[in-house]
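Encoded as C-alpha cells, the following chain is the form predicted on its own, with no partner shown.
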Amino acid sequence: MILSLQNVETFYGNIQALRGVSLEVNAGEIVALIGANGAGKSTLLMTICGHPQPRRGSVKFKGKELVGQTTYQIMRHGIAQVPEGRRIFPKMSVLENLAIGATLADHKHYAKDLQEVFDIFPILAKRQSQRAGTLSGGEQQMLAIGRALMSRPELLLLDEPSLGIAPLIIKQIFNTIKMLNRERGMTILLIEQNALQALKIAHRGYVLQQGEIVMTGAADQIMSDPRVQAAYLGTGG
C-alpha cells in the first residue's frame, strides 16, 4: 500500500468537510474518487498535501505519517498534484513552468524528463517558448500534468483533469493517464466529476458524499451499481 487515510476529519473553521474518511491506494493502481460538487473531493486531495491539515486521523505515504508536515515536505516524499483549474504560471513560458516542476527532482534527470514530457505531449515542445497563459485550456492541462511529471512522482494526484476541456482533448488526457499507469507503473489517485470516464480507466473506486465515503469497490462494480448509475452516470432509475 502506498497511500492510506484512516478516519480523516478535516474542517474549515467550524465547518466539517471530511467525516471519518478512510481510503487506500495500492502501488500501481488507478483509484477513482467520484462524487457531486461540494462532496469534499478536492478537500481530500488538499488534505493529503497538507493544506488544510486534518484535525483528526492519519494520512500515511509508504508508511510515513504526513499529518503535521508542510506541503513542501510532503511533495518531497514523491507525491505530485495536478490541481483543479490547472494553476499554471500564466506569465511564464511553457518551458519555465516545466522547469519549476523539476525543482524537487535530481537535476541530472532534467533533460531526459523534459524529453519524455515532450514525447507525451508534442504540442508542448512546439509551444515551449510561449507564455503559458496563452495556451488553450486543453494545452494548459497538458502543461499542468507535464509539470507534475517533471518531479518524478511515485504518486500522482489528479483533480478534475477534464474540467473545462473539449471532448477530444478529454479523450487524449485520459489515454495519457492510462498510459502512465500501464506503461510506467505510475500510481494515480483520480478525482473526477465525469464519473464514467474515471471509472472506465480505474482499478478501484470510492464514492464520496457530503464528506463521507459511502461506497467502495472494484471500478466495474461501482459503475454497475444502480445508485451510482442514477446519481453520477446519467442512467438507471
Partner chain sequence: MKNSTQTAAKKLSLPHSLRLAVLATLVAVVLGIPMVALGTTDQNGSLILVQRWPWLLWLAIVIFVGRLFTAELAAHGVVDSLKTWLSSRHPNRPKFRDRNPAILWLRGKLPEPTVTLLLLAFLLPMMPFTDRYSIDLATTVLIYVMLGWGLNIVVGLAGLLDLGYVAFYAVGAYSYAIISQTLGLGFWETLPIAGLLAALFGILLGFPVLRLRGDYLAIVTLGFGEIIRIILLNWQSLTNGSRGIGGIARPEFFGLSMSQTAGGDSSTFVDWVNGNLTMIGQWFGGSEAGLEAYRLSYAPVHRITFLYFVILGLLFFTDFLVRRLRNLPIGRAWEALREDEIACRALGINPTMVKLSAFALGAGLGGLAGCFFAARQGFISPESFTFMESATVLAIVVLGGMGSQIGVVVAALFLVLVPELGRAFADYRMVGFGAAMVLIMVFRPEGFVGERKPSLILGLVGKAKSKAKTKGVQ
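Numbering follows the first chain given and starts at 1. Keep in mind that this is a model prediction, so the values were computed, not measured.
The next section is about a form of this same protein that is not shown, the form predicted in complex with the partner chain.
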| property | result |
| --- | --- |
| 89, 93 and 104 all contacting the partner chain in the predicted bound form, non-hydrogen atom within 4.5 Å | yes |
| 4.5 Å heavy atom contact, residue 64 to the partner chain in the predicted bound form | yes |
| is_contact(residue 182, the partner chain) in the predicted bound form, heavy atom dist at most 4.5 Å | no |
| Partner proximity in the predicted bound form: residue 111 to the partner chain, non-hydrogen atom cutoff 4.5 Å | yes |
| Partner contact for residue 69 in the predicted bound form: the partner chain, 4.5 angstroms, heavy atom | yes |
| The single option of 155, 165, 75, 135 touching the partner chain in the predicted bound form, heavy atom within 4.5 Å | 75 |
| Partner contacts in the predicted bound form for 136-152 (non-hydrogen atom within 4.5 angstroms of the partner chain) | 147 |
